[in-house]
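Take a look at this single chain in structure tokens; it is the form predicted on its own.
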């Protein structure tokens, strides 16, 4: 009986390589990570990596596209057929948090190497995706102003930037005793802060 480990199917192997690369890019930075380092982490020769990807940029492209496609798909479903902007925003917050938890390495890549990616023609879709994300938030915030749910003096673009920066950070925070809030607890706390504030009524 053979003890040789069966080779992974191409799709499974490709996904494994993408995960390894994403972790390295997040840890070392996209530009600082070499193809050889990715291959070494995978236990293969550099040449073998080129059987799956034609360049390091192709790997980064697949990581970032998968991340943004997931975020945008969640946002589009969150606002579809919803007349209440508060409900839409609650759905967007939960959808965003879930997507970001699935793509932490991609988010770190985007944050750390935005200047590089955004300057490359190959990654021009990043700006398009970010504009759609921003406009989705602004549309719902403006709707809330118009129907009287949100304050009339609310600066929708500023609120979006504040919420984005809160959401785009890790959602599992350690407490002093080593315990941590769950993702749902963090999201619920953010929504209470957003809609109810901290001032007693």
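Each form is matched to the other, and the largest set of C-alpha atoms that superpose within 1.5 Å is called the rigid core. Residue numbers count along the first chain shown, from 1. Note that this is a predicted model, so its numbers are computed, not measured.
Below: the form predicted together with the DNA, not depicted.
*Asks:* Identify, from the list 69, 54, 165, 147, the residue with a heavy atom within 4.5 Å of the DNA in the predicted bound form.
*Replies:* When the DNA is considered in the predicted bound form, the option within 4.5 Å is 54.
*Asks:* Can any non-hydrogen atom of residue 45 be found within 4.5 angstroms of the DNA in the predicted bound form?
*Replies:* Although the DNA is absent here, residue 45 would touch it in the predicted bound form, with heavy atoms inside 4.5 Å.
*Asks:* So, residue 36 and the DNA: in the predicted bound form, are they within 4.5 Å at any heavy atom pair?
*Replies:* Within the cut-off, so yes.
*Asks:* I'd like to check something about residue 11: if you look in the predicted bound form, is any of its heavy atoms closer than or equal to 4.5 Å to a heavy atom of the DNA?
*Replies:* Judged by the heavy-atom cut-off of 4.5 Å, residue 11 is in contact with the DNA in the predicted bound form.
*Asks:* Okay, which stretch from 157-165, 61-69, 138-146, 36-44 lines the DNA in the predicted bound form, with non-hydrogen atoms inside 4.5 Å?
*Replies:* The contacting stretch is 36-44.
*Asks:* Look at residue 54 and decide if its Cα position differs by 2 Å or more between the shown form and the other one after superposing on the rigid core.
*Replies:* Yes, because once the rigid core is superposed, the C-alpha of residue 54 moves 2 Å or more between the shown form and the other one.
*Asks:* Is residue 28 one of the residues whose C-alpha moves 2 Å or more between the shown form and the other one after the core fit?
*Replies:* Yes, the C-alpha position differs by at least 2 Å between the shown form and the other one.
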